[in-house]
Ligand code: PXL
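As structure tokens, one chain now follows by itself in the form predicted alone.
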Amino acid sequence: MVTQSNKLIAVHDLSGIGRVSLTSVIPILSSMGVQVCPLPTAVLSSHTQYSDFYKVDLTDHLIPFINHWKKLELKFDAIYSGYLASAAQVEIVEHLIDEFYHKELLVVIDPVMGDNGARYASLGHELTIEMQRLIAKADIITPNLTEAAMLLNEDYNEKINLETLKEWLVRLSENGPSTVIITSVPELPLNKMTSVIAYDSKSKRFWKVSCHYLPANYPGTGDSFTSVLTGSLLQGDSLPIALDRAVQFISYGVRATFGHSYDTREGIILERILKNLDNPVAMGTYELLD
């Protein structure tokens, strides 16, 4: 008997060059049995780490998309929001969530704003202010360390200690999301290990998954991480197992790509590793923090 797959709205941009946003989200979640319904925020000739990229902002077209889907009386299992082309799109995402809300709906927001202590050049401070409001609509948020600092109006510090980080997680959860996951957390000594640390406000538990650091920067790993995490949760996995699966997938992707001499702006070589999503998770790599 054929069963219907989970159906998810992906609010991301579509970049022609670079394995980021929808070009990562769609193949990953499709491989995990999720039907992805794109709501493209912008179309770009390449992602924004290339110079002189061409961008078409689709803000004016988003409401007609949503209205048509409402007319079709569609029901979605999840909404996953990533790169927003402007602060004005935040209100549209809020509207989208309200229009398709039901009590089983999973809302995942990746507040894409910056990395490595700096804001992305193409995005303004106004987006941060709007994003601070948008996360109240989320069940799960997945900022990296830079974005977590921006959401809390704190200074970025790559040497942040665990107690401060746990305080940040709790503060972010108090703004709305029941689960907060901070990615790209360097461990001391620097350049040895990197971690993902999560807080589940319902159980009051903190989780940590670490992996070895490699000296490479591949755009789109955040999109891929949150895609695997979301797909895993929709498959019924627990939060720590979903974290494990997502970290292992990204770690394997970085290692599979690292040995190749090519333009790192193209991102990890997803085509070589998608089949790994069918592999069982290596149990026991997550930690429960005190």
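Computed from a predicted model, the values in this text were never measured in an experiment. One-based numbering along the sequence shown.
Quick note: we don't show the form predicted together with the named molecule, though the next part is all about it.
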Looking at heavy atoms inside 4.5 Å, which stretch does the named molecule contact in the predicted bound form, given the options 48-56, 254-262, 240-248, 25-33?
48-56
Is every one of 21, 83 and 112 in contact with the named molecule in the predicted bound form, taking contact as a heavy atom within 4.5 Å?
yes
Should residue 220 be classed as touching the named molecule in the predicted bound form when contacts are defined as heavy atoms within 4.5 Å?
yes
Using a 4.5 angstroms cut-off on non-hydrogen atoms, would residue 120 count as touching the named molecule in the predicted bound form?
yes
With the cut-off set at 4.5 Å between non-hydrogen atoms, does residue 44 touch the named molecule in the predicted bound form?
yes
